[in-house]
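In C-alpha cells, the next block holds one chain alone, the form predicted alone.
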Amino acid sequence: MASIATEICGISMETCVFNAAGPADVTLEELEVIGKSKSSAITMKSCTLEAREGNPEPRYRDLAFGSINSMGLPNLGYRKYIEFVAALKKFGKPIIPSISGLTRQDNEIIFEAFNDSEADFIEFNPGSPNTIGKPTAGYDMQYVDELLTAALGISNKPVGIKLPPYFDFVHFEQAWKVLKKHDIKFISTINSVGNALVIDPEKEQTVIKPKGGFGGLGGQYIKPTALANVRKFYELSEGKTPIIGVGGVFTGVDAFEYILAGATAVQVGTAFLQHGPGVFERIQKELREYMDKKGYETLEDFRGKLKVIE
C-alpha cells in the first residue's frame, strides 16, 4: 500500500493528515481526543496571553458545504497550553502550539515561554479574521515583518506561519517578499475566508451574532481558494518551503489535490468538527487507495506536479 508519510521541520510524520488549529482543540480533553485519533500531529488552539471567552453566541453554524464562524479566539491562555504539551507527549505525536498574541509584546512573551516546553514546532497565527476590533494581520505585510522579526528572534523552536487567503498575484508576491527574509520553516494556508455573510431567509436574519453576522467561511466553499494559495506559494518558494494546505479537506481525493498542488501535508478543520475524529483515518485510507489506483508509492511521486493546460 502507498506510503503517505511526510516530514515537517525535520520531524517524520506517519501520515500527512492532521488537525487544524481551531476546531475542538481548546481543552485538554479535546486535545486528548485528537491524540487518540489517527491525526498524525496534535495542533492546539491558537492561544493568547490571557484566557478569552471569545465572541458572543451563536458564533458558529454548519452549512451545506462547510461552516461560518466568528469565534473570537476563545482559549485558556498560553500558560495552560504549555502545561498541555507535557500531558500530550504520551501520544508520541508532534505537538504544535498555535500562537496568536494580540500585540507584538504578547507574542514575544508567549514565544519565549514555549522555549522551555517540549513542543515540536510552532504555528504562528498572526491574525484571525474573527477577532472583534483587530485587523487581519496577514494583510499588513510590514506588520507581519515586524512580528516575525520579534518572534523568530526569541523562539528556539522551528516556526511556521498561518496565512490568510490572498486573491491577487501582487499580494502573493508582496507576502513572499517578506516571508523569504525570515527563517520560516513552513507555511500553513489558508485561514478562513474572512467576513462572509450567511442569511437565514426564513427568519430574515443572520445565522451568527458577532460582527453583525459577518464571519470566517470554511469547508468546501473555500477549497479552490486554498488550493490556489498553496500552488502560488509553492511556485514562489520553488518548492523549497513546506506548505500545509488547509481548507475543505473532506476526502482523500481532496488531500491528493493539495499534494499535487505542492503541499507537504494537509490539515483538517471543518470536516473534523462535523464528522468527528474518525475523519482522519478515513481521509488517510482514501488517499492511500487513490494513490494505489494512480500507481504512486509516495507523496513525492506527485507532489507539486500539477499539469496546466497549454
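Here the structure is a predicted model, which means the values were calculated and not measured. We number the residues from 1 along the sequence you see.
We do not show the form predicted together with ligand SIN, though everything after this point is about it.
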{"query": "Proximity to ligand SIN in the predicted complex (heavy atom, within 4.5 Å), stretch among 153-161, 174-182, 206-214, 121-129", "finding": "121-129"}
{"query": "4.5 angstroms heavy atom contact with ligand SIN in the predicted complex for N69", "finding": "yes"}
{"query": "Residue contact check: S188 to ligand SIN in the predicted complex, 4.5 Å heavy atom", "finding": "no"}
{"query": "Close approach of P94 to ligand SIN in the predicted complex, 4.5 Å, heavy atom", "finding": "no"}
{"query": "Partner contact for L73 in the predicted complex: ligand SIN, 4.5 angstroms, heavy atom", "finding": "yes"}
